[in-house]
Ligand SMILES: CC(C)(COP(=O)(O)OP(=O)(O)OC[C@H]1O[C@@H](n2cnc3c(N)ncnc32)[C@H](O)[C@@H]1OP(=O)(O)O)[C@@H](O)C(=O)NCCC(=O)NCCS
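We begin with a single chain expressed as structure tokens, specifically the form predicted on its own.
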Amino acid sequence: MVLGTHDGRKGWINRLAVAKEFRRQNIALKLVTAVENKLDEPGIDIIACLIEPGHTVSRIFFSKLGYTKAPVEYFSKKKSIDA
């Protein structure tokens, strides 16, 4: 599954997941390509994704697709300590 959104200027790949039994079949590539093509329709020129530290496979995957690491800081707010 993949979830892509945009705000009119920048597109985001918010989630990308392939079940273990279906990995290594180019499904992730097809999903990302589909989102990129869909974001191209409204003229979105920038597409970003957030990759949590330690997700080396994701970093390698997106790097191979031409994504580069951006110098950004990520801020979040939790509603509860358990979130």
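All residue numbers are counted from 1 along the displayed sequence. Just so it is clear, the structure is predicted and the values come from calculations on it, not from any experiment.
Keep in mind the form predicted together with this ligand is missing from the figure; the text below concerns it.
- Not one of 33, 68 and 70 is positioned with any heavy atom within 4.5 Å of this ligand in the model of the complex.
- Among heavy atoms of residue 46, none comes within 4.5 Å of this ligand in the model of the complex.
- Using a 4.5 Å cutoff between non-hydrogen atoms, residue 28 counts as a contact of this ligand in the model of the complex.
- In the model of the complex, no heavy atom of residue 12 sits within 4.5 Å of this ligand.
- Looking at residue 38, you'd find every heavy atom of it more than 4.5 angstroms from this ligand in the model of the complex.
- Shown without its partner, the chain has 50, 51, 55, 57, 58, 60, 61, 62, 64 in segment 32-68 as residues with a non-hydrogen atom within 4.5 angstroms of this ligand in the model of the complex.
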